[in-house]
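Take a look at this single chain, the form predicted alone, given in structure tokens.
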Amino acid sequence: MLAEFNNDAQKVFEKVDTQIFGDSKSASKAVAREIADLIQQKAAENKPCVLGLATGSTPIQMYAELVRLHKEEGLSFKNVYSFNLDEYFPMEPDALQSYVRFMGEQLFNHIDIPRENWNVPDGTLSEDKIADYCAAYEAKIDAMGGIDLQVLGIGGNGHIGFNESGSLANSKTRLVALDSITRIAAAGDFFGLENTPRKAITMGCQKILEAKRVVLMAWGEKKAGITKKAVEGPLTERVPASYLQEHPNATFFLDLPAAAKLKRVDTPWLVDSIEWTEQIARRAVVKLALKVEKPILQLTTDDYNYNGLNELLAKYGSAHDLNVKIFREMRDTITGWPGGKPGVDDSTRPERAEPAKKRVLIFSPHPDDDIISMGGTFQRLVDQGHEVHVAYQTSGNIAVADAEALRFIDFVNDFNGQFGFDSANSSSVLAEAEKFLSGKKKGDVDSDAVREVKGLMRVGEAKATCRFVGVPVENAHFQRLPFYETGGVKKNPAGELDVQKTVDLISEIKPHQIFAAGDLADPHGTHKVCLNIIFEAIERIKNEAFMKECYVWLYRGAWAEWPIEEIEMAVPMSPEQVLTKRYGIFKHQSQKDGVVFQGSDSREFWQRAEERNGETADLYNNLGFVEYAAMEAFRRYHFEKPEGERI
């Protein structure tokens, strides 16, 4: 746990016990350890241990640790009885998205729990039988003496199980209609919202709250807002997780990003006296300026005193001195020279002036993240004469629609025929693809040929972007990291080959700058896996002479930006540069006009990027800096080993 955030004096605004960890892996291990201790205690007493279990991405690392404890430390599950929270309806148990299948793959198939001891709601029933089934499900729990420990995640709308907003505290196990927020969050697993179930069977809030012990886990910044409501907000049916405020033995286990909006993390100076570090001071001043809607240099003594910042003011002597200090720090993050400006004093600039011409390596998790997330900076690095390379870490093939792949194959076949090339092979591929796709079901893994075609499409789009920006095609490196190449949504864990390919590429280029997608708050997405691979590669070669001259800059994706007080380099863009970036994004035609994994944001990627970059520029302008059309933002990574994230 993070000691600086976990003393009792800092929890005064929290209405349920909450523990904050540095990352989801260490938090998951803590939960697994508690479960293991309970299982062993019950076994010693010759009693069954009744667990309420959850599904989704949140508990995966916890289940992995339980499996490890079983295989390496002899933890037995023979006395365990489990009751899962929910299941989609209708749902066959062997379906890709089935929670029966999920629990088998993640936990039950790897431990010694008797098959008759685990229970998952039945998604195959006829609807007229569900009410009786749900009553029997609760009766079975009661007959076991109730749930000893209930594991929960939290939905974006605050649901626990599938108890959506509006569920009452005394709700029973039942069939429910799924909220649109819940369905959108699950749409990726079902290959589109149109295929996502509208109903589910869920354990009711009452049975959850009757558990003797409740553990709720939440990871990532996407959960920060709803976690704050559940922990610090009022008890309300609008946020069913808030019911845990009245539970006598409930604890929230959070990683730092999920806890980011709690007062003790976000504004600790409003909770208790703190040690004022440079970073916290900057955050406090920036938040104050934005709150009172004043430029930094116009903040007054009263502004500080009336907003709980008297101690900060006392440390720096006067509002004027503090304002000037923070203003200069923020000003010095702005640069039109992301590769460094030659021949100038670089002591207050984000990047070094020398060498004047740098070797730059941009890592792009998918084949379009480079242009979407840092297209303006990408262009400027090229225009300013640096040797720019791009490493496309994955093929991105599963994000190409079937119809687009078929259109592409059809074009190649017609092209061969038009120009007199031997079209026998392309005709065969076309026939095979048509046959496969006509019988393909949602969730089926593509045939090898279709996957290769989809990958080639994305390679071609990435090359088109490089040509557009001015990067030689030979400087585009298509890594096709093995962890990604499963053909399905579920990926393999990152492994040695992924890391070694990355080590080899960095060692070959010997860059002065590395740019990488820094989506640190997403513990399960492709961006996060790709970043961990880069971190591990850097860890292995950080003592090489060329790495001592290398700066690593982290950008973010199209969905979020670094908090403005954390930005260390902000690259402004003119209206013309914004338009140029848009045209670069357009090169990725397979990702335009709707994509396979749209998420909850219906905007196209160029719209997301432009609005995000515009919002960053607006924030700088509101703080008293020059008004730009847009800005791209970066944080520097200082080769520190991420806790719990080694591969």
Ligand code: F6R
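Everything numeric here is computed off the predicted structure, so don't read it as measured data. Residue positions are given as counts along the sequence shown, with the first one as 1.
One more form of this protein exists, namely the form predicted in complex with this ligand; it is left out here, but the text below deals with it.
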Contact of Tyr99 with this ligand in the model of the complex (heavy atom, 4.5 Å): yes
4.5 angstroms heavy atom contact with this ligand in the model of the complex for Pro338: no
is_contact(Lys223, this ligand) in the model of the complex, heavy atom dist at most 4.5 Å: yes
Heavy atom of Gly204 within 4.5 Å of this ligand in the model of the complex: no
Partner-proximal stretch of 156-164, 493-501, 403-411, 568-576 relative to this ligand in the model of the complex, 4.5 angstroms, heavy atom: 156-164
Contact residue in the model of the complex, chosen from Asp86, Asp446, Glu561, Glu536 - any heavy atom within 4.5 Å of this ligand: Asp86
Partner-contacting position among Ser26, Ser57, Gln40, Asn622 - heavy atom within 4.5 Å of this ligand in the model of the complex: Ser57
This ligand in the model of the complex - contacting residues of 69-84, heavy atom within 4.5 Å: none
